[in-house]
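Single chain ahead, written as C-alpha coordinates, the form predicted alone.
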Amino acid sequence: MCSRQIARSLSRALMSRPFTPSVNIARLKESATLAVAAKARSLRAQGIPVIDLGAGEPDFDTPAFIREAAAAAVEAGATRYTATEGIPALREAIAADANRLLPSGAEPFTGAQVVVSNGSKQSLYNACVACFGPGDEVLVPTPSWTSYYEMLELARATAVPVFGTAAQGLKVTAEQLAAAATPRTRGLMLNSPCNPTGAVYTRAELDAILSLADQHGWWVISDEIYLRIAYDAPATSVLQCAPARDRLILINGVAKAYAMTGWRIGWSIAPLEVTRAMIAVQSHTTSNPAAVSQHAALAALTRVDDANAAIDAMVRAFHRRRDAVLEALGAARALAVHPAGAFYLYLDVSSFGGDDPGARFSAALLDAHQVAVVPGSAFLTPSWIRASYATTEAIAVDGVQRMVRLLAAGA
(Lines give C-alpha, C1' and ligand atoms only; values in the text may rest on other atoms or scores of the structure.)
Protein backbone atom coordinates (compact mmCIF):
# COMPACT_ATOMS: atom_id res chain seq x y z
CA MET A 1 0.00 0.00 0.00
CA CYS A 2 1.42 3.38 -0.97
CA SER A 3 1.81 6.25 1.44
CA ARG A 4 -1.17 8.07 -0.10
CA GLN A 5 -3.44 5.07 0.47
CA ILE A 6 -2.17 4.72 4.05
CA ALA A 7 -2.92 8.40 4.68
CA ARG A 8 -6.45 8.01 3.30
CA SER A 9 -7.04 4.92 5.45
CA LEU A 10 -5.86 6.74 8.57
CA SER A 11 -8.04 9.71 7.70
CA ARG A 12 -11.12 7.49 7.29
CA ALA A 13 -10.36 5.77 10.58
CA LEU A 14 -10.11 9.09 12.40
CA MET A 15 -13.33 10.37 10.82
CA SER A 16 -15.21 7.24 11.91
CA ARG A 17 -14.45 7.80 15.58
CA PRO A 18 -17.49 8.81 17.65
CA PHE A 19 -17.73 12.43 18.76
CA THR A 20 -16.45 13.05 22.27
CA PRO A 21 -17.56 16.37 23.77
CA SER A 22 -14.82 18.64 25.01
CA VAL A 23 -14.38 19.14 28.74
CA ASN A 24 -15.96 22.57 28.24
CA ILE A 25 -19.40 21.06 27.60
CA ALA A 26 -19.11 17.49 28.83
CA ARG A 27 -21.55 18.06 31.71
CA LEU A 28 -23.80 20.54 29.93
CA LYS A 29 -27.49 19.60 29.88
CA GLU A 30 -30.07 20.39 27.23
CA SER A 31 -32.53 23.14 28.13
CA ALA A 32 -35.54 21.28 29.53
CA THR A 33 -37.93 24.11 28.69
CA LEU A 34 -36.85 24.14 25.04
CA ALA A 35 -37.08 20.34 24.94
CA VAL A 36 -40.69 20.43 26.15
CA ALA A 37 -41.56 23.04 23.52
CA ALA A 38 -39.95 20.91 20.80
CA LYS A 39 -41.91 17.81 21.86
CA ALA A 40 -45.18 19.76 21.91
CA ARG A 41 -44.49 21.07 18.39
CA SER A 42 -43.69 17.55 17.21
CA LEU A 43 -46.96 16.17 18.56
CA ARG A 44 -48.92 19.01 16.99
CA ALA A 45 -47.24 18.28 13.66
CA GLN A 46 -48.61 14.74 13.98
CA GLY A 47 -52.12 16.14 14.38
CA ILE A 48 -52.30 15.66 18.16
CA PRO A 49 -53.96 18.71 19.82
CA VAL A 50 -51.50 19.50 22.61
CA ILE A 51 -52.01 22.24 25.19
CA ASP A 52 -48.53 23.70 25.61
CA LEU A 53 -48.05 25.14 29.11
CA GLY A 54 -44.29 24.85 28.86
CA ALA A 55 -43.60 28.07 26.97
CA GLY A 56 -41.78 30.88 28.74
CA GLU A 57 -42.83 33.75 26.50
CA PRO A 58 -45.77 36.16 26.37
CA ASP A 59 -48.40 35.23 23.81
CA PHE A 60 -49.02 38.90 22.96
CA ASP A 61 -47.87 40.63 19.80
CA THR A 62 -45.07 43.17 20.05
CA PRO A 63 -46.83 46.57 20.36
CA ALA A 64 -47.50 48.26 17.03
CA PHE A 65 -45.47 51.40 17.78
CA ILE A 66 -42.37 49.24 18.30
CA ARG A 67 -42.91 47.30 15.08
CA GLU A 68 -43.41 50.55 13.19
CA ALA A 69 -40.19 51.99 14.63
CA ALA A 70 -38.32 48.90 13.48
CA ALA A 71 -39.70 49.19 9.95
CA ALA A 72 -38.73 52.87 9.84
CA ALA A 73 -35.22 52.01 11.04
CA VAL A 74 -34.79 49.48 8.23
CA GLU A 75 -35.87 52.05 5.65
CA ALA A 76 -33.44 54.54 7.19
CA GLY A 77 -30.57 52.10 6.68
CA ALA A 78 -30.16 50.50 10.14
CA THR A 79 -28.89 47.27 8.62
CA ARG A 80 -25.15 47.41 9.31
CA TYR A 81 -22.87 46.46 12.18
CA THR A 82 -23.08 48.64 15.25
CA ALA A 83 -20.64 48.99 18.13
CA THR A 84 -20.28 45.67 19.94
CA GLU A 85 -21.90 47.12 23.06
CA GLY A 86 -24.87 48.63 21.18
CA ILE A 87 -25.86 51.96 19.70
CA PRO A 88 -25.20 54.94 22.02
CA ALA A 89 -28.83 56.13 22.04
CA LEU A 90 -30.08 52.75 23.27
CA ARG A 91 -27.40 52.48 25.94
CA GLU A 92 -28.35 55.93 27.24
CA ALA A 93 -32.05 55.01 27.19
CA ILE A 94 -31.34 51.85 29.18
CA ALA A 95 -29.36 53.85 31.75
CA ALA A 96 -32.18 56.40 32.01
CA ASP A 97 -34.75 53.63 32.50
CA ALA A 98 -32.68 52.15 35.35
CA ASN A 99 -32.13 55.56 36.92
CA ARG A 100 -35.87 55.88 37.54
CA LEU A 101 -35.51 53.11 40.13
CA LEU A 102 -32.61 54.62 42.05
CA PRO A 103 -33.19 56.30 45.43
CA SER A 104 -33.20 60.07 45.45
CA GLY A 105 -29.68 61.45 45.44
CA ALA A 106 -28.02 58.23 44.18
CA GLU A 107 -25.37 58.62 41.49
CA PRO A 108 -27.06 57.90 38.14
CA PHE A 109 -25.95 55.28 35.67
CA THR A 110 -24.51 56.31 32.32
CA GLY A 111 -24.67 54.60 28.96
CA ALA A 112 -20.99 53.71 29.34
CA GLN A 113 -22.00 51.13 31.97
CA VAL A 114 -24.39 49.34 29.61
CA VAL A 115 -23.77 46.41 27.26
CA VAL A 116 -26.60 45.54 24.88
CA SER A 117 -26.60 41.83 24.05
CA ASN A 118 -28.47 39.21 22.06
CA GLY A 119 -31.06 38.72 24.78
CA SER A 120 -30.74 38.72 28.56
CA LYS A 121 -29.47 35.14 28.34
CA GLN A 122 -26.29 36.36 26.65
CA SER A 123 -26.00 39.19 29.18
CA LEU A 124 -26.14 36.65 32.01
CA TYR A 125 -23.53 34.48 30.30
CA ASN A 126 -21.25 37.48 29.75
CA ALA A 127 -21.50 38.34 33.44
CA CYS A 128 -20.76 34.77 34.57
CA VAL A 129 -17.67 34.31 32.42
CA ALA A 130 -16.39 37.81 33.23
CA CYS A 131 -16.73 37.48 37.00
CA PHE A 132 -16.26 33.79 37.83
CA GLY A 133 -13.84 31.00 37.05
CA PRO A 134 -12.36 27.73 38.32
CA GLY A 135 -12.57 27.37 42.09
CA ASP A 136 -15.25 30.03 42.50
CA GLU A 137 -18.55 29.10 44.11
CA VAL A 138 -21.73 30.98 43.26
CA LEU A 139 -24.88 30.68 45.37
CA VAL A 140 -28.04 30.01 43.36
CA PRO A 141 -31.42 30.23 45.14
CA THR A 142 -33.19 27.08 44.03
CA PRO A 143 -35.46 26.39 42.22
CA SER A 144 -34.08 28.80 39.64
CA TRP A 145 -34.06 29.14 35.89
CA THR A 146 -32.22 26.13 34.54
CA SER A 147 -29.66 28.08 32.49
CA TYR A 148 -28.05 29.71 35.56
CA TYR A 149 -26.46 26.42 36.55
CA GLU A 150 -25.27 25.68 33.03
CA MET A 151 -23.81 29.16 32.48
CA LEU A 152 -21.78 28.82 35.66
CA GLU A 153 -20.64 25.42 34.45
CA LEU A 154 -19.47 27.00 31.19
CA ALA A 155 -17.60 29.60 33.23
CA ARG A 156 -15.95 26.63 35.04
CA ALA A 157 -17.30 27.93 38.33
CA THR A 158 -19.36 25.86 40.77
CA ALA A 159 -23.05 26.56 41.20
CA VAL A 160 -24.14 25.99 44.80
CA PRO A 161 -27.91 25.43 44.99
CA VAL A 162 -29.55 26.89 48.09
CA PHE A 163 -33.04 25.46 48.48
CA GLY A 164 -36.02 27.46 49.63
CA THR A 165 -38.86 25.82 51.54
CA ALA A 166 -42.51 25.57 50.55
CA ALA A 167 -43.42 27.66 53.60
CA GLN A 168 -41.29 30.49 52.16
CA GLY A 169 -42.75 30.15 48.67
CA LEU A 170 -39.46 28.41 47.73
CA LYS A 171 -37.59 31.69 48.24
CA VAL A 172 -34.36 31.65 50.22
CA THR A 173 -33.39 33.77 53.20
CA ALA A 174 -30.20 35.62 53.96
CA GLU A 175 -29.62 33.15 56.78
CA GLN A 176 -29.79 30.20 54.39
CA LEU A 177 -27.36 31.88 52.01
CA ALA A 178 -24.94 32.61 54.85
CA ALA A 179 -25.10 28.98 55.96
CA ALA A 180 -24.30 27.76 52.43
CA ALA A 181 -21.34 30.10 51.93
CA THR A 182 -17.71 29.01 52.14
CA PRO A 183 -14.40 30.85 51.77
CA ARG A 184 -14.68 30.10 48.03
CA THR A 185 -18.03 31.88 47.62
CA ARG A 186 -17.64 34.69 45.10
CA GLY A 187 -21.16 35.52 44.04
CA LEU A 188 -24.91 35.18 44.14
CA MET A 189 -27.55 34.89 41.42
CA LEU A 190 -30.86 36.65 42.13
CA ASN A 191 -34.13 36.53 40.19
CA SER A 192 -37.31 38.30 41.27
CA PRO A 193 -40.03 37.82 40.15
CA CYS A 194 -38.81 34.24 39.93
CA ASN A 195 -38.75 31.76 37.11
CA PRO A 196 -39.97 29.01 37.65
CA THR A 197 -42.09 29.76 40.73
CA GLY A 198 -43.63 33.18 40.16
CA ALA A 199 -42.61 34.15 43.70
CA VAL A 200 -41.56 37.75 44.37
CA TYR A 201 -39.02 38.79 46.99
CA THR A 202 -40.18 41.53 49.35
CA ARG A 203 -38.18 44.69 50.00
CA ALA A 204 -37.23 43.38 53.45
CA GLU A 205 -36.03 40.05 52.03
CA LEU A 206 -33.89 41.78 49.40
CA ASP A 207 -32.54 44.22 51.99
CA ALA A 208 -31.26 41.32 54.09
CA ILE A 209 -29.78 39.40 51.15
CA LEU A 210 -28.04 42.41 49.61
CA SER A 211 -26.66 43.47 53.00
CA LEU A 212 -25.18 39.98 53.43
CA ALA A 213 -23.62 40.07 49.94
CA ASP A 214 -22.17 43.51 50.61
CA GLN A 215 -20.64 42.39 53.91
CA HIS A 216 -18.88 39.49 52.18
CA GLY A 217 -17.90 41.32 49.00
CA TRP A 218 -19.86 38.94 46.76
CA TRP A 219 -20.79 39.73 43.20
CA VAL A 220 -24.58 39.94 42.83
CA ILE A 221 -26.04 39.20 39.41
CA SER A 222 -29.70 40.25 39.51
CA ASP A 223 -31.92 39.01 36.70
CA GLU A 224 -34.92 41.38 36.57
CA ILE A 225 -36.41 40.30 33.26
CA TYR A 226 -39.86 39.82 34.90
CA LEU A 227 -39.75 42.97 37.05
CA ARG A 228 -42.67 44.67 35.30
CA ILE A 229 -44.89 41.58 35.49
CA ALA A 230 -46.16 41.60 39.08
CA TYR A 231 -49.71 41.43 40.42
CA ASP A 232 -50.17 41.91 44.14
CA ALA A 233 -47.83 44.93 44.32
CA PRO A 234 -44.97 46.36 42.24
CA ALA A 235 -41.88 44.14 42.40
CA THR A 236 -38.82 45.63 44.11
CA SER A 237 -35.64 46.06 42.09
CA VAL A 238 -32.25 45.61 43.71
CA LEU A 239 -31.54 49.16 42.51
CA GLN A 240 -34.02 50.43 45.06
CA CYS A 241 -32.30 48.87 48.07
CA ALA A 242 -28.69 47.82 47.30
CA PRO A 243 -26.35 49.31 49.95
CA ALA A 244 -23.66 49.65 47.24
CA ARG A 245 -23.37 49.10 43.49
CA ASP A 246 -19.65 48.38 43.11
CA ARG A 247 -20.24 44.61 42.88
CA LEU A 248 -23.75 44.63 41.45
CA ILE A 249 -24.64 43.57 37.90
CA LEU A 250 -28.20 44.20 36.74
CA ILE A 251 -29.64 42.12 33.90
CA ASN A 252 -32.80 43.00 32.01
CA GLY A 253 -34.23 43.12 28.51
CA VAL A 254 -37.31 43.72 26.39
CA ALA A 255 -38.36 40.08 25.94
CA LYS A 256 -41.02 39.65 28.59
CA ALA A 257 -42.51 43.03 29.53
CA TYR A 258 -42.55 44.33 25.96
CA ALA A 259 -43.50 40.98 24.33
CA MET A 260 -40.31 41.07 22.27
CA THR A 261 -38.83 37.59 22.77
CA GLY A 262 -37.84 37.08 19.15
CA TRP A 263 -36.12 40.46 18.84
CA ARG A 264 -33.28 39.19 21.08
CA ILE A 265 -32.35 42.32 23.00
CA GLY A 266 -31.12 42.20 26.58
CA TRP A 267 -28.59 44.19 28.55
CA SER A 268 -26.33 44.41 31.55
CA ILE A 269 -25.59 47.44 33.73
CA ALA A 270 -22.42 47.08 35.77
CA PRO A 271 -19.36 48.90 37.11
CA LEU A 272 -17.21 50.24 34.26
CA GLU A 273 -14.39 47.70 34.60
CA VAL A 274 -16.89 44.81 34.45
CA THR A 275 -18.66 46.39 31.51
CA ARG A 276 -15.36 46.61 29.61
CA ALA A 277 -14.70 42.93 30.33
CA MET A 278 -18.15 41.92 29.09
CA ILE A 279 -17.70 43.98 25.92
CA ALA A 280 -14.47 42.07 25.28
CA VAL A 281 -16.26 38.72 25.78
CA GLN A 282 -19.08 39.72 23.45
CA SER A 283 -16.69 41.07 20.82
CA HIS A 284 -15.24 37.56 20.41
CA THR A 285 -18.53 35.64 20.52
CA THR A 286 -21.45 37.38 18.82
CA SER A 287 -20.40 41.02 18.42
CA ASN A 288 -23.38 43.39 18.32
CA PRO A 289 -27.07 42.47 18.50
CA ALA A 290 -29.15 43.00 15.35
CA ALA A 291 -29.21 46.69 14.47
CA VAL A 292 -32.93 46.81 13.66
CA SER A 293 -33.78 45.11 16.96
CA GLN A 294 -31.78 47.76 18.80
CA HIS A 295 -33.84 50.50 17.19
CA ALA A 296 -37.04 48.65 18.11
CA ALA A 297 -35.85 48.46 21.72
CA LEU A 298 -34.98 52.15 21.62
CA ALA A 299 -38.60 52.96 20.75
CA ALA A 300 -39.82 50.67 23.54
CA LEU A 301 -37.73 52.49 26.14
CA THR A 302 -38.14 56.07 24.96
CA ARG A 303 -41.84 56.14 24.09
CA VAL A 304 -42.64 55.67 27.76
CA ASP A 305 -46.37 56.44 27.72
CA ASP A 306 -47.04 54.08 24.79
CA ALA A 307 -44.94 51.37 26.41
CA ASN A 308 -46.58 51.72 29.82
CA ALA A 309 -50.04 51.46 28.28
CA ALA A 310 -49.09 48.26 26.43
CA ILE A 311 -47.37 46.71 29.47
CA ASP A 312 -50.24 47.58 31.80
CA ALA A 313 -52.77 45.99 29.46
CA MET A 314 -50.70 42.82 29.17
CA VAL A 315 -50.14 42.56 32.93
CA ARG A 316 -53.87 43.00 33.57
CA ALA A 317 -54.55 40.09 31.22
CA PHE A 318 -51.92 37.95 32.95
CA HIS A 319 -53.42 38.91 36.31
CA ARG A 320 -56.86 37.69 35.22
CA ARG A 321 -55.34 34.44 33.96
CA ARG A 322 -53.41 34.01 37.20
CA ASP A 323 -56.58 34.33 39.23
CA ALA A 324 -58.51 31.99 36.92
CA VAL A 325 -55.76 29.37 37.11
CA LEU A 326 -55.68 29.52 40.91
CA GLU A 327 -59.46 29.11 40.97
CA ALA A 328 -59.16 26.12 38.64
CA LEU A 329 -56.74 24.49 41.05
CA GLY A 330 -59.55 24.37 43.59
CA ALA A 331 -58.68 22.11 46.50
CA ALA A 332 -55.20 21.57 45.09
CA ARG A 333 -54.39 25.28 45.42
CA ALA A 334 -52.40 24.75 48.63
CA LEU A 335 -49.91 22.67 46.64
CA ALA A 336 -48.82 25.65 44.52
CA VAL A 337 -46.42 28.50 45.18
CA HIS A 338 -48.38 31.75 45.16
CA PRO A 339 -47.52 33.33 41.78
CA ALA A 340 -47.18 37.01 42.64
CA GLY A 341 -45.31 37.73 39.41
CA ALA A 342 -44.07 36.36 36.07
CA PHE A 343 -46.56 33.96 34.41
CA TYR A 344 -45.84 30.55 35.91
CA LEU A 345 -47.63 28.14 38.21
CA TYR A 346 -45.29 25.96 40.26
CA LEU A 347 -47.14 22.92 41.52
CA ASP A 348 -46.12 20.29 44.07
CA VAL A 349 -46.81 16.82 42.59
CA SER A 350 -44.88 14.81 45.18
CA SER A 351 -48.05 12.77 45.80
CA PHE A 352 -47.49 11.22 42.38
CA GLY A 353 -44.66 9.20 43.92
CA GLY A 354 -41.42 7.76 42.64
CA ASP A 355 -37.88 9.11 42.61
CA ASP A 356 -38.86 11.90 40.20
CA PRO A 357 -42.55 12.68 40.69
CA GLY A 358 -42.41 15.74 38.43
CA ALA A 359 -41.06 13.76 35.49
CA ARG A 360 -43.61 10.97 36.01
CA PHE A 361 -46.44 13.46 36.30
CA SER A 362 -45.31 15.43 33.22
CA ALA A 363 -45.05 12.29 31.10
CA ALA A 364 -48.46 11.03 32.22
CA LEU A 365 -50.04 14.45 31.69
CA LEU A 366 -48.76 14.63 28.12
CA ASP A 367 -49.65 11.04 27.27
CA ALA A 368 -53.08 10.88 28.90
CA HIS A 369 -54.28 14.49 28.81
CA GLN A 370 -52.21 16.10 26.01
CA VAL A 371 -50.84 18.88 28.24
CA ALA A 372 -47.14 19.81 28.12
CA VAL A 373 -45.49 21.18 31.27
CA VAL A 374 -41.88 21.31 32.48
CA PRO A 375 -40.80 18.81 35.16
CA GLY A 376 -39.31 20.37 38.26
CA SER A 377 -36.12 18.36 37.92
CA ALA A 378 -35.11 20.95 35.31
CA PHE A 379 -34.94 23.38 38.21
CA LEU A 380 -33.41 20.86 40.68
CA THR A 381 -36.74 20.31 42.46
CA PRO A 382 -38.06 16.98 41.14
CA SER A 383 -41.23 16.98 43.26
CA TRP A 384 -42.66 19.95 41.36
CA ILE A 385 -43.75 20.95 37.84
CA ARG A 386 -43.90 24.32 36.09
CA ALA A 387 -46.89 25.34 33.99
CA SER A 388 -47.03 28.63 32.08
CA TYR A 389 -50.27 30.58 31.73
CA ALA A 390 -48.84 32.69 28.90
CA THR A 391 -51.69 31.55 26.69
CA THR A 392 -55.40 32.32 26.52
CA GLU A 393 -57.35 32.13 29.76
CA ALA A 394 -59.55 29.33 28.42
CA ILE A 395 -56.57 27.20 27.38
CA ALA A 396 -54.72 27.82 30.64
CA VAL A 397 -57.76 26.89 32.72
CA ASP A 398 -58.43 23.79 30.62
CA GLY A 399 -54.82 22.69 31.07
CA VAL A 400 -54.88 23.19 34.82
CA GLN A 401 -58.18 21.34 35.15
CA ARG A 402 -56.60 18.37 33.36
CA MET A 403 -53.66 18.58 35.78
CA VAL A 404 -56.05 18.50 38.75
CA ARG A 405 -57.82 15.45 37.31
CA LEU A 406 -54.53 13.61 36.95
CA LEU A 407 -53.50 14.53 40.49
CA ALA A 408 -56.82 13.29 41.81
CA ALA A 409 -56.46 10.01 39.91
CA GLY A 410 -52.94 9.52 41.31
CA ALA A 411 -50.13 7.44 39.86
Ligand code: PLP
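The first residue of the shown sequence is 1; numbering continues from there. Keep in mind it's a predicted model, so treat the numbers as computed, not measured.
Keep in mind that the form predicted in complex with the named molecule is not shown, yet the notes after this line are about it.
Only one of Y148, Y231, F132, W218 comes within 4.5 Å of the named molecule in the predicted complex through a heavy atom, and that residue is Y148. Checking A255, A235, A155, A277 against the named molecule in the predicted complex, a heavy atom within 4.5 Å turns up for just one residue: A255. Mapping the unseen interface onto this chain, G111 falls outside it, with no heavy atom inside 4.5 Å of the named molecule in the predicted complex. When the named molecule is considered in the predicted complex, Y226 lines it closely, a heavy atom lying within 4.5 Å.
Proximity of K121 to the named molecule in the predicted complex: non-hydrogen atoms within 4.5 Å are present. For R186, no non-hydrogen atom is located within 4.5 Å of the named molecule in the predicted complex, even though that partner is not displayed. Only one of 278 to 286, 306 to 314, 189 to 197, 73 to 81 places residue heavy atoms within 4.5 angstroms of the named molecule in the predicted complex, namely 189 to 197.
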